[in-house]
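Two forms, one chain: they're shown below as structure tokens, one block per form, named structure 1 and structure 2.
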Structure 1
């Protein structure tokens, strides 16, 4: 995902009516009143059956979350994993759209997300007089501080705690399954290679070593391409 791609942007207005616009020329609204993210593709090709293609196409055509819900999710994801980091954050990874897709894909996500956003707004209105995206930055963080820790016992906060945990799960999963997430983690796999055991410096660090007898049973990678042959006693001789 490339930040320079056109961003998707929704207006955060107190009326809750967001407007999709391209930020390329969005000089009119102040940045504080807008939230933008890198869009995700809306079609994929990865070994699907015809039924699966139809199903996914239907999901992409469908809309479930309102703009207000999408904006709220965007703001929340941005708090959970901010973009002020060299490896980017939730909005750079297109999190709102990923959450929207998962919510459409999984029937049992729909109500918890809808209800969670509504709970957040109720809580913000009761405490600070406006819905979550329209209270101040500081007030939003105050709310998050109340619901970001599952060990908090306050019964009134439990639905919020549950929702926040769910959004944290989705945010991290949505971010770490992108290229920038891979970079952030330093992930090394999913590529052809020749596994020849744990690197020596790692073994040393953990005080581990391979048993000599065990290593004798293991593949000699310099001869992996030599066709296997055995003697009659089941010994590999090549």
Structure 2
């Protein structure tokens, strides 16, 4: 499989005419804006201090990316992780807003993201006559094909390569820290398991054995739900 086919298999966009109205001309007075995504939650189930909650609220209240920049980020996120993914894609997980949140949170992210969008638009205009969101899907993928490979040495493509790599990292980091990302990984968190003691061959190798009383108390799986009780001398009773 060549690099182009590999890219298409990894990054095939689900964007079509029903999502983005591609005008195909740089002078359009009505650029494409018909793309939507699941809103990013503005509250969390895990513990947050009062200071952290206030900080998050301030960031959520701010806007940094322009509408055009946010839509461009959404299109790129969808190319990187399209919505036909079995457990949902970047737009289903609210990744455009996640990217903006991270940009607002990290001062050193602002210039790379804003500059990256500008580079993407300029490259699209120079090569296809319209900005990135307003060229065809095939042309968007062609641009991504040029910048998705970090080992490409073309000096003119280096800003785009760095931007695409950065966006790929943000998209996948954001996705795999969401509930649907956990589902995709099959991650179950901390769950109870069954421990039935050290294997007998290991005990034999070291000349060790369990005392019958402790074996019954600690390794009998029929008693795994019985809460342990201790006497005043800290001896295990049950």
Partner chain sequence: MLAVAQQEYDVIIVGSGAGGGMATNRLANAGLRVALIEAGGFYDPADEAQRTQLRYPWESPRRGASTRRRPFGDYNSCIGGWELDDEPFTNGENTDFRWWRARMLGGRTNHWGRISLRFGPLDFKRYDVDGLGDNWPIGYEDVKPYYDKLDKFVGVYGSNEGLYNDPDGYFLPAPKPRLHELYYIKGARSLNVPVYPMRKSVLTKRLNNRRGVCFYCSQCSRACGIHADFSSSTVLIYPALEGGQVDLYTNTMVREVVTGDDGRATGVSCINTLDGSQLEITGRTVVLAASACSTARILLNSRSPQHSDGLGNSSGHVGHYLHDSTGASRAAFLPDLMDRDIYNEDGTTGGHVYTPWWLEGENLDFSRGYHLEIGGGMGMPSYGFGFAVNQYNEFLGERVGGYGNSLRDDIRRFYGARLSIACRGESVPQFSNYCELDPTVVDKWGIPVLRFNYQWTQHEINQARHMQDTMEELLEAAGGILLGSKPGADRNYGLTQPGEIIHEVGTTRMGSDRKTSVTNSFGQLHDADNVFVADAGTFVSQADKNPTWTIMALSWRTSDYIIEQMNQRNL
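Residue numbers count along the first chain shown, from 1. The model shown is predicted, which means the values in this text are computed figures rather than measured ones. Between two forms, the rigid core is the largest collection of C-alphas that superpose within 1.5 Å.
Given the two isolated forms of this chain, which one is the form predicted alone? The form predicted alone is shown as structure 2.
(message) Aligning on the core only, does the CA of residue 208 end up 2 angstroms or more away between structure 1 and structure 2?
(response) Yes, residue 208 moves 2 Å or more.
Check: If we fit on the core, is the Cα of residue 183 displaced 2 Å or more between structure 1 and structure 2?
Finding: No, the C-alpha position differs by under 2 Å between structure 1 and structure 2.
Margin query: After superposing the rigid core, is the C-alpha displacement of residue 196 2 Å or more between structure 1 and structure 2?
Written below: Yes.
Please state the CA displacement of residue 230 between structure 1 and structure 2 in angstrom, with both forms fitted on the core.
Taking the core as reference, the C-alpha of residue 230 is shifted 14.1 Å.
Angstrom shift of the Cα atom of residue 53 between structure 1 and structure 2 (superposition on rigid core)
Here the C-alpha difference is 3.2 Å.
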